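Shown below, as structure tokens, is a lone chain in the form predicted alone; questions about how it binds or moves come after it.
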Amino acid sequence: MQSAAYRVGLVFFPAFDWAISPDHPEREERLLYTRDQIAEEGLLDVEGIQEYRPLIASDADICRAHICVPTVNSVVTQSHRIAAGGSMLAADLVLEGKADRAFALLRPPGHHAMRIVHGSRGFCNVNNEAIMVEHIRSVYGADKRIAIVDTDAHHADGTQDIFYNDPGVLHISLHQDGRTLYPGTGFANERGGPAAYGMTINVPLPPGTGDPGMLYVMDHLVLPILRDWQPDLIVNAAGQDNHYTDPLTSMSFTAQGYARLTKMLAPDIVVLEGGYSIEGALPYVNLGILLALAGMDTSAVREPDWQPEVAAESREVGYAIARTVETLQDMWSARRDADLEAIFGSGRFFHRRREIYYDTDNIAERQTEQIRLCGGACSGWRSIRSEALHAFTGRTVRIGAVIVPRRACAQCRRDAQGEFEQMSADARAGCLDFAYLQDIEGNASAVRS
């Protein structure tokens, strides 16, 4: 067998003792066949491919990315800590020079988990990529420019939320059009907050998109943007539910397409996200990704039922993708000329309201948020007030949260502390159940009513 052209660190965690339910799409068997396929192909014996045991994410690791209500332990299991820790280890392997590239092949997934976490949504409790990015910036330097390219069929709304106003993270999500698939978001006009406008790029794709369309987007949009922005690290959130056999989506991507996409993107780190065709897709897609990361031959990667027509696209789908790409190219080129005052206002704060549904735990959340329009290197502090109705218990949980970003200026720190003191008083008076202060460069704290 050929050796690997690139050293690849494989972090494998199947979470065989965790599942939402025995017959849920996100269950123990998801990676069982993948493990068997990798072993049968002898890849664990290839020189240059080495398997590592994951780390376990601490409360501090999780709290850099999330505000967990009421506590970390109330929403995070040991399996979630290990999945997040495995992603962190994948980054360590690359940044410490132990591997050229890393593949965090693990579950549970995470890209639907937002900054505020009341429970599970889209099968996700905590966001593995976000925890990993904050780990990188805490350990290896806050100046690192990181691009996350999410190729899951579902819009990465959690990752978008966490880095919505973060100019140091470029987030590109390729997904099935939100008008046809959960979570119903991810449109081209969702472009980021006042300090990071244009750094969120959503590529909604029509149902039926296959290899030609996905690779067209990579070649004509994603790669040119990455060449222009010049990130220090490229992370691929490699959801595999774009596959033609996936039971939850309506896409037509193949294992060969995934392998070619990985070769084109050349990511430093790959983190598994969704993908629920347990036997028909995941073993072959993961095989293709691993071979591509290692710089090995992927030409023989095929699903047992593969036929040339499974990845074919209609002419209408191809035209729709080309039009979307042209629009997004123009938006990227013109982002610096955008009239931010017209978009976000000229006052001290930008305000937005959102309604968020936790489909897994049946929680309906309403958020009001304000972002300080600060300018310069400071992206501005944020405050969020959230009410979450837990349908199973009938209880409404009301919280306030203040977020102090990296490189916050002295004035924003003072103002944020003042807002947190007001929220703490509201909690003591019974107007809120909890008040949180998230200092991303420091620690998170909470006050219970």
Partner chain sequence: MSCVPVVGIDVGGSNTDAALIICGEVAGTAKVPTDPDSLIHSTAAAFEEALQAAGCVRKPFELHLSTTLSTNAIVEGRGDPTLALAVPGPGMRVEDLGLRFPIQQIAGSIDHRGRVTGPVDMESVHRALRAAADRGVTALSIAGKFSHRNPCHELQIEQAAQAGYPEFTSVTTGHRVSGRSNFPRRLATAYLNASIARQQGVFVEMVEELMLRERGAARGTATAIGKAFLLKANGGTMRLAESARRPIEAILSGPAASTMGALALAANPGANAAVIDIGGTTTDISVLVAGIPVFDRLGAVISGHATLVPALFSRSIGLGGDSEVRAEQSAIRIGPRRAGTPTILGGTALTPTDAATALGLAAIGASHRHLGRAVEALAAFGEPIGLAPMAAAEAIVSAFAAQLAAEIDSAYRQLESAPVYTVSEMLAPRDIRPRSLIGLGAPAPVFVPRAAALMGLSFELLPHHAAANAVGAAASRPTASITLHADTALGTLTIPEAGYSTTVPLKPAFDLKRARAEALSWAGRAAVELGLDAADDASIVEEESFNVVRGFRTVGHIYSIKAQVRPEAQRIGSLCSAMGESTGGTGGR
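Just so we're clear, the structure is a prediction, and the values are computed from it rather than from any experiment. Numbering follows the first chain given and starts at 1.
Heads up, the form predicted in complex with its partner chain isn't pictured, but that's what we're talking about next.
Remark: of stretches 273-281, 182-190, 163-171, 143-151, the one touching its partner chain in the predicted bound form is 273-281 (heavy atom within 4.5 Å). Shown alone here, residue 54 lies within 4.5 Å of its partner chain in the predicted bound form, counting heavy atoms only. For the chain shown alone, residue 299 is a contact residue for its partner chain in the predicted bound form, at least one non-hydrogen atom being within 4.5 angstroms.
The closest non-hydrogen atom of residue 436 lies beyond 4.5 Å of its partner chain in the predicted bound form. Taking non-hydrogen atoms only, residue 40 approaches its partner chain to within 4.5 angstroms in the predicted bound form. The contact residue chosen from 117, 221, 88, 291 relative to its partner chain in the predicted bound form is 291, the criterion being a non-hydrogen atom within 4.5 angstroms.
Checking 99, 106, 195, 287 for any heavy atom within 4.5 Å of its partner chain in the predicted bound form turns up a single hit: 287.
Taking its partner chain as positioned in the predicted bound form, the residues of 69-104 that bring a heavy atom within 4.5 Å of it are, in sequence order, 78, 79, 82.
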